[in-house]
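The chain below stands alone, shown as structure tokens; this is the form predicted alone.
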């Protein structure tokens, strides 16, 4: 299969690029703002940009759209930019999909829910709270209304190997390995289901190979708040200079509202692919520590 990955320099996109290539597929990975040696420039906001990679010449069978503006607090004060980088980029991905009769795989989030229930299933009612959340849902709805063959894969608290090491687990483990003093004020009332980006790539390929469509939730076995997640990392890389301070979301006074009881229920995916094994945070930290030794 021929995969076009929009946003292949990020965490999920980068893992998809690596995994799909390893599995023998033809992959064109693109970047917009952050370049890597394995990606080509593609402006998802302007399909006529003369510097764009030759997507038409590549003629993809599958488009995996990973790009979005994910800084949720920034989105609250920059609504138009959020719309452009999340919704408009998706509308353009739909246009490419129609042009090449390609299946569109969209990476979405548990932020489309309000966080009153937790461990959300695909059939649960959506109720986004903030600008970022509303734009992610608007993107989902645009895809569903477009008529293109599609998959919507909802994920949250993604971690794993990443060039920039921006994700919470990687960043925290790296800081702890340096032995620097840290005081971390983390919300004890925000729960989610952390998932490894490598597993996300594996799950996407499973769905595509089986010609599935519709909405799927991805999740492993962990259901943790940020304090509990940090404690796991400390268990492998911690030191006496780390101070964890539990706070409430209200005390943090963040601009964007958070779904407190978030997270995904992956029962639908698990029932359809009973041999698929999700890794958990502990699995990843073991490998990370061994790598650093």
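Model, not experiment: these values are computed from the prediction. Numbering follows the first chain given and starts at 1.
This protein has a second form, the form predicted in complex with a small molecule, left out of what is shown; the following refers to that one.
Counting any non-hydrogen atom inside 4.5 Å, which residue from 190, 82, 173, 108 sits next to the small molecule in the model of the complex? Contact check passes for 108.
Taking the small molecule in the model of the complex as the reference, which of 66, 266, 229, 62 has a non-hydrogen atom within 4.5 Å? It is 66.
Give a yes or no on whether every one of 13, 136 and 158 sits within 4.5 angstroms of the small molecule in the model of the complex by heavy atom. Yes, the whole candidate spot contacts the small molecule.
Partner absent here, but in the model of the complex, which of 175-183, 207-215, 121-129, 100-108 has residues with a heavy atom within 4.5 Å of the small molecule? Partner-contacting stretch among the options: 100-108.
Contact with the small molecule in the model of the complex for residue 45, defined as at least one heavy atom pair within 4.5 Å: yes or no? Yes - in the model of the complex, heavy atoms of residue 45 and the small molecule come within 4.5 Å of each other.
Can you tell me if residue 162 lies within 4.5 angstroms of the small molecule in the model of the complex, counting non-hydrogen atoms only? Residue 162 belongs to the contact set for the small molecule.
At the 4.5 Å heavy atom threshold, is residue 70 in contact with the small molecule in the model of the complex? Yes, contact at 4.5 Å.
Going by a heavy atom distance of 4.5 Å, is residue 4 a contact of the small molecule in the model of the complex? No, residue 4 is distant from the partner.
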